[in-house]
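Only one chain is given next, in structure tokens, and it is the form predicted on its own.
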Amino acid sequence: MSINPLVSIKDLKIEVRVTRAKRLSIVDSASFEIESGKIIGLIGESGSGKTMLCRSLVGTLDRRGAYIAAGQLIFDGIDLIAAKQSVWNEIRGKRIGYVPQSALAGPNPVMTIGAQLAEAILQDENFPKSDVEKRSLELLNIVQIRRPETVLKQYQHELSGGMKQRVMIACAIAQQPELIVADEPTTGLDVTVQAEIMELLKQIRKDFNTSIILVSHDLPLINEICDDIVVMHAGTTVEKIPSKLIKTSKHPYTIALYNSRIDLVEPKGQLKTINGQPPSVGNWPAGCRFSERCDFVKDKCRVKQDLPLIEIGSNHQTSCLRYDEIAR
């Protein structure tokens, strides 16, 4: 564990209100850290809790009827769980930028791009209004949009998908945040544009020493761009591993995800898939939540118990009870 990480998440539990009395746990035990200037890849099947975890970092869980029920969420020494709205106003959009999952539809259709960038810039109340256009052009240049003077006057329907995504990233970096949370920022884009967006994020990290959480189902992309990979399954963190060591994973779920990559299939070969279906939210099996789908399962894996992350190497943690028996 790092001594002074930028973000520290430990045993985080997120619940949603189903009825006045009933609560449903959608993230049950998330734990990992983020160091300054690092890119963390967050992976896992749909429903594993990735997006809700991202929302907890920008304080917007209540918009989905969710809340943090337990655990620790620390940003640069600030307890975000206990933070008042005044504290969030100084963090959200300023110190933590957010590129939402629906970023392609993110730009407001009734506002010009210039007006939306101005909103992001003027979150800093001391910023001179006379310099807003200059700063807007700077941001569009940073995200490598051509003809920025023209784009400032356009609306979102006049932009391509890649340009919309770049505008959302420009809004996210307007205050030069220490952390950017990018929730599937390349969804719906063609492979060429995806590569351009990833290069842009890498350049932003390099230029501003910005930490980035990148959520994606594109494992080759995650493996290429990220320093570390955090694997979520059924509301829990099951492994954290340096991207360069992903081939030596010590959790069967990570191994199964990696082996299901389409780029690993020979021409006319058969795609490997993960057995069964993910457990439904809140209806998780006792013990290891991957036990019903795992090729390595033993009786001890199904015993009801907490499965904390075990340190097994430099910056490598796993929750698998049989990690020392796994050979690839």
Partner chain sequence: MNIIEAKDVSVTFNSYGDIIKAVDHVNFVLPKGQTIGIVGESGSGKSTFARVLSGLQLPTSGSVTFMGNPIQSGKNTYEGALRKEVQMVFQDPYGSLNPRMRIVKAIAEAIRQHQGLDKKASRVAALDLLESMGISALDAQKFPSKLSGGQRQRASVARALSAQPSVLIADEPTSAIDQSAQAQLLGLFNDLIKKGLSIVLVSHDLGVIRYLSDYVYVMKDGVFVESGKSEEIFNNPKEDYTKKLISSIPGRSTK
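In this text, all values refer to a predicted model and were calculated from it rather than measured experimentally. Positions refer to the first chain, counted from 1.
In what follows, reference is made to the form predicted in complex with the partner chain, a form of this protein that is not presented.
Q: Can you pick the one in K153, K134, K206, K247 that has a heavy atom within 4.5 Å of the partner chain in the predicted complex?
A: None of the others qualify; the residue that does is K247.
Q: Exactly one of G37, P285, G276, G65 has a non-hydrogen atom within 4.5 Å of the partner chain in the predicted complex; which residue is it?
A: It is G276 that has a heavy atom within 4.5 Å of the partner.
Q: Select, from the options 38-46, 52-60, 66-74, 24-32, the stretch whose residues sit within 4.5 angstroms of the partner chain in the predicted complex by heavy atom distance.
A: It is the stretch 38-46.
Q: Indicate whether the partner chain has at least one heavy atom within 4.5 Å of a heavy atom of H217 in the predicted complex.
A: The answer is yes: H217 has a heavy atom within 4.5 Å of the partner chain.
Q: Is there a non-hydrogen atom of E266 within 4.5 angstroms of a non-hydrogen atom of the partner chain in the predicted complex?
A: Within the cut-off, so yes.
Q: Looking at the partner-bound form in the predicted complex, is R261 within 4.5 Å of the partner chain by any heavy atom?
A: R261: contacts the partner chain in the predicted complex.
Q: Any chance L271 has a heavy atom within 4.5 Å of the partner chain in the predicted complex?
A: Judged by the heavy-atom cut-off of 4.5 Å, L271 is in contact with the partner chain in the predicted complex.
Q: From first to last in sequence, which residues of 142-173 have any non-hydrogen atom within 4.5 angstroms of the partner chain in the predicted complex?
A: Contacting residues: none.
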